[in-house]
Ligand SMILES: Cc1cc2nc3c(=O)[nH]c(=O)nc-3n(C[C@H](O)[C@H](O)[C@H](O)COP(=O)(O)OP(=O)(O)OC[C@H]3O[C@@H](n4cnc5c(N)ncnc54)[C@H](O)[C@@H]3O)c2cc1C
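One chain comes next, on its own, written out as structure tokens in the form predicted on its own.
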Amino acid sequence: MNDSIRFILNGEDVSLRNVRPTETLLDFLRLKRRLTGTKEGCAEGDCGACTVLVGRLIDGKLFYESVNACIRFIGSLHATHVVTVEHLAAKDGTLHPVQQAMVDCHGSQCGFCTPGFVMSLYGLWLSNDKPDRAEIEKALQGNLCRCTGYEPIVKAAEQVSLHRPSTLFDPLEKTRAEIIARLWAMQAETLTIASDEGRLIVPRSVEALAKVIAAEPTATIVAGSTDVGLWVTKQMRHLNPVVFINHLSELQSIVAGEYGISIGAGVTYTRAFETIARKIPAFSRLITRIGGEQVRNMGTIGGNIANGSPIGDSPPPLIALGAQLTLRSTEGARTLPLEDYFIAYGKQDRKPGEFVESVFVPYPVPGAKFAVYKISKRRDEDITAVLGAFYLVLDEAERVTDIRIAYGGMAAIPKRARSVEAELIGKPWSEATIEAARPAFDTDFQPLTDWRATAEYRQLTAKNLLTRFYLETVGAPAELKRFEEVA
């Protein structure tokens, strides 16, 4: 059946032929299936009230991840298993241990957000037998509650991990082998589905994707939809056609080689985290502040690059590390420095028919210093006001032999501070050098004022981040503390 989106909803096989290109999973669940445990709160992937689990096959294994149904499109669900809160309790009404813990610990007051919290905790329960406090809080970053203050919910997570039953009716554990077989049976050739509001395309392979984009150069390519989803739910944009690529195994590889990490365009932040944390720890610490767990389970580094946003979190550190981007089309592959991909606001060096295939991230050389700083109004799950990334190499005399400084939120594109770098190259890495270089920021950047920050704040913050980087590299905790108090 190459004209139907097929997936499993709880225990039922679903086959859909008349699907709008931007129909959301949330609307399908609530309006067409009356599964109203999945709530609409923000409609932009922030509050977590719409959280469900989506299971997919990766290298033949079945993985379940929490996602935001409000910005997840139906077209991205082919050959997946969608699990809602209604599926957790036993047929006789016995609550799942995660649900029971929420009751026992008084983790619900008004109750609106509760199903989303339950699903996030269930996802954690499936993937981590003994989560610590930090892991619990990380799993709940994408869920907002106005009532409980979160402590009862955290206690519920701790309780269910301490008293995990040895035998259980858990609907996903007991049917795992069966679900894997059913998902394998749903694999199909390229799908093209037309409706009154447009077409959606699910290519079978990267080769098929290249042919689709060659024929449809204006198509919207969707991997995680964490940005495109808001085009639809907030801007009410009409997209046609839409090409979904989150299922393509050729774009799912992440390989730590001898000289760096190769990351396929379809690799999510969650899947990239372990490898990046092992090889480039400073970069991984940034990833934990990109959205909530649901967003990191959906969003991809390749997508963050492809859309060219000036406040995308991953491009500045990738540029500072000297990343190389590979674009592909029916004519073959083309590689370029990532910083050259960004031309102007809304304009990237991507020819008609090309799509982002992968990014190669070189390892810092031995002795290099690398740091990333994200400034936002809220620490977790917030959009960047200013993001600075710094890569530094010193010689034996503590002089700067190589430095790359890249910022987001300071210009119409992710941009290097070339004038500042020129002021630092060949100079002693000292406080005097840093102070002398600070005025060069006024040459490199003329930021805008918006609701996240004023232009003056951004300019001063960018300068201060360089000073912070210097203080951290020379190991001056007292000076850094005083600096942070002033800043």
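Predicted model only: the values in this text are computed from it and were never measured. Throughout, we count residues from 1 along the sequence that is shown.
Only in words, not in the display: the form predicted in complex with this ligand, which the text now covers.
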Task: Residue among E86, D227, D104, D170 with a heavy atom within 4.5 Å of this ligand in the predicted complex - done: D227
- [ ] Name the residue from A79, V393, I311, I254 that puts a heavy atom within 4.5 Å of this ligand in the predicted complex.
- [x] I311
Open item on the list: Can you confirm whether R285, P414 and T461, the three residues that make up this candidate site, all sit within 4.5 Å of this ligand in the predicted complex, judged by heavy atoms?
Closed with: no
Open item on the list: When the contact criterion is heavy atoms within 4.5 Å, does H247 count as touching this ligand in the predicted complex?
Closed with: no
TODO: Answer yes if any heavy atom of G303 is within 4.5 Å of a heavy atom of this ligand in the predicted complex; otherwise answer no.
DONE: yes
Task: 4.5 Å heavy atom contact, W231 and this ligand in the predicted complex - done: yes
Task: Partner contact for P203 in the predicted complex: this ligand, 4.5 angstroms, heavy atom - done: no
TODO: Quick one: find which of 447-455, 426-434, 45-53, 27-35 has residues within 4.5 Å of this ligand in the predicted complex by heavy atom distance.
DONE: 45-53
Task: Stretch 283-298: residues contacting this ligand in the predicted complex, 4.5 Å heavy atom cut-off - done: R289, I290, G291, V295, M298
